[in-house]
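We begin with a single chain expressed as structure tokens, specifically the form predicted on its own.
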């Protein structure tokens, strides 16, 4: 069968489930994975014959897509912040909004470094530039995407990554090796953690924040296949993780340390109020590319 003919079958089978552009994207991703061919290759040789083994892979992927299994789980991989990650049903698929959070953190660190470099200390009658090693923790790490992206982009940092799921940590550890970074992994239930043995300069978290009543807004491919443990919270206690992590941050942030959260778009003001009540200052609420309140940062000024 030619690849052009199979692409037409692919579209016909999936058109009632997905937009045409998304179907095309699925096909190109699979083609690159199975045949190491990109779009231009297909345009130049649309009558390329698919060998039997590749055809079987396409049929298997097509059957999974018809069940609305996410393409990232079918491929077993995705990209985040320009890096490659293994993903499976034990971890959430990294989102573009979380990339925005990572970018915000990195920009904050770069700004902090510039400030530190401008502060000269006199030692033995000589000027030297103050350099510090940052301690950073990612709480609820899942695939490890936040911690690993930070490790690749921030020098002079020791990074911890915490998760309640041992299976998620297995994926995160694999991804750390895949991307050549050293992360300190912690297997803990953050809601039952009283304190850490380390003080941190940055605490970052993308915790569960989708209320159960919001399930009707979630696409089937997410609702049926991504881990609910990492997604949902009870309707009556939507900010449970923010409340707990903020309390831990008060105990475990260094002077002028910062807390970064990805948040539920419906709870921007409530999350800000919670942090103010707990004594955090310099609070900034930031919208994502879709103009939703999606992230917040705050400083605890000791």
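Positions refer to the first chain, counted from 1. Computed from a predicted model, the values in this text were never measured in an experiment.
Same protein, other form: the form predicted together with a small molecule, not shown, and the subject of what follows.
Of the heavy atoms in residue 98, some are within 4.5 Å of the small molecule in the predicted bound form. Contact check for residue 188: a heavy atom falls within 4.5 Å of the small molecule in the predicted bound form. Although the partner is absent from this view, residue 241 contacts the small molecule in the predicted bound form, with a non-hydrogen atom inside 4.5 angstroms. Residue 75 falls outside the set of residues with a heavy atom inside 4.5 Å of the small molecule in the predicted bound form. Residues within 4.5 angstroms of the small molecule in the predicted bound form, judged by any non-hydrogen atom, belong to 144-152 and to none of the other stretches in 103-111, 194-202, 177-185, 144-152. With the partner removed from view, the residue among 218, 134, 229, 83 that has a non-hydrogen atom within 4.5 Å of the small molecule in the predicted bound form turns out to be 229. When the small molecule is considered in the predicted bound form, only one residue from 222, 71, 157, 164 comes within 4.5 Å through any heavy atom, namely 164.
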